[in-house]
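Quick heads-up: it's one chain on its own, the form predicted on its own, in structure tokens.
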């Protein structure tokens, strides 16, 4: 019999069943358990354990010692503790918008949580052209509550500093610092560039010293600004969704950083869905309808976030100087400026770096994929360089649609001037 208390090992499906039987008090006596490993991410092993008699189910998520995407990345399994603790905290701050968690096991580096199999991963749903009318409402509530309420504006400063200490996450922060802020903007050997896109990347991004300077500024801002407790990886692959519900998952990259990082990740991944729809929907009316829903959602998320943020500030702010006239607007402008920058960083790194998104890689026509990638890169560059002038939801859509409308020779000319 395996002893789960004697030391860590990476579980297989049969081990997860035994773990559920011997270490959890979740299933009824005599339950007939089956298990499938369903993890499709880059870092972890995710086991869905089901009682075949009742349909009752649970998720056991285990952190591996190396990234599944590449064994170059040696990772602390403490990230599983961070995920468990932040999910508990997020459920307090934004009730119902994250899965419930039941147990953390520091020996096996696993946590046990609610099974969300009645939801779908949002990225897959968007690639199937589904619409979610309440998503903007839910995700803005989640972001305002988790970002503002964990900041110095609301929290006691000593209490906040204790959270900063608790959520120091050096290995996963280093991945972000390398894969988001550094490698996509140089011809790095770890990059995985679609060959038809490489010449564009060399001309429009890698050769632009002004762009490189701005990414350096942004990298140091990311490393030094402990503003809010971030999710840290808030893309559409980290969201389970139904028409009537939204659940944010996988906060293992959580740490204290600039609040706009989370908001920008959401916006960039809606742009990936937009480009996927543009490249793969053949019927013109359906294509325009779906793209219009996505752009309307981008506008709604930015503008709703801003309105809810200022309302929550007025209700929740405890720091005395935060009540000075105009400081709330100044603070929020900085977040939206960072949101624009991170939108651009995410658009570039998912095209040029090691970790792609299926919205783009699943485009079957190579010419359409290359066009989608170049639009992402060109728009990403503008979101970075023009971030000081991008403040409303309509500004994000304007940049995207202006780039989309450009002829490619004009794009090269524009970025070389």
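Being a predicted model, the structure only gives us computed values, none of them experimental. Residue numbers count along the first chain shown, from 1.
There is another form of this protein, the form predicted together with another copy of the chain, and it is not shown here; the text below is about that form.
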*asked:* At 4.5 Å between heavy atoms, is residue 91 in contact with another copy of the chain in the predicted bound form?
replied: no
*Tell me, yes or no, whether residue 287 is in contact with another copy of the chain in the predicted bound form, where a contact means a heavy atom of each within 4.5 Å.*
no
*Answer yes if any heavy atom of residue 95 is within 4.5 Å of a heavy atom of another copy of the chain in the predicted bound form; otherwise answer no.*
no
*asked:* Is it the case that residue 253, even though its partner is missing from this view, gets within 4.5 Å of another copy of the chain in the predicted bound form, heavy atoms only?
replied: no
*Of 114, 85, 319, 303, which one comes within 4.5 Å of another copy of the chain in the predicted bound form, counting heavy atoms only?*
319
*Answer option from 193, 332, 296, 164, heavy atom within 4.5 Å of another copy of the chain in the predicted bound form*: 164
*Please state whether every one of the three residues 124, 130 and 238 places a non-hydrogen atom within 4.5 angstroms of another copy of the chain in the predicted bound form.*
no
*Would you mind picking out the stretch of 136 to 144, 304 to 312, 278 to 286, 217 to 225 that comes within 4.5 angstroms of another copy of the chain in the predicted bound form, counting non-hydrogen atoms?*
217 to 225
*What residues of 126 to 165, in sequence order, lie within 4.5 Å of another copy of the chain in the predicted bound form by heavy atom?*
152, 153, 157, 158, 160, 161, 162, 164, 165
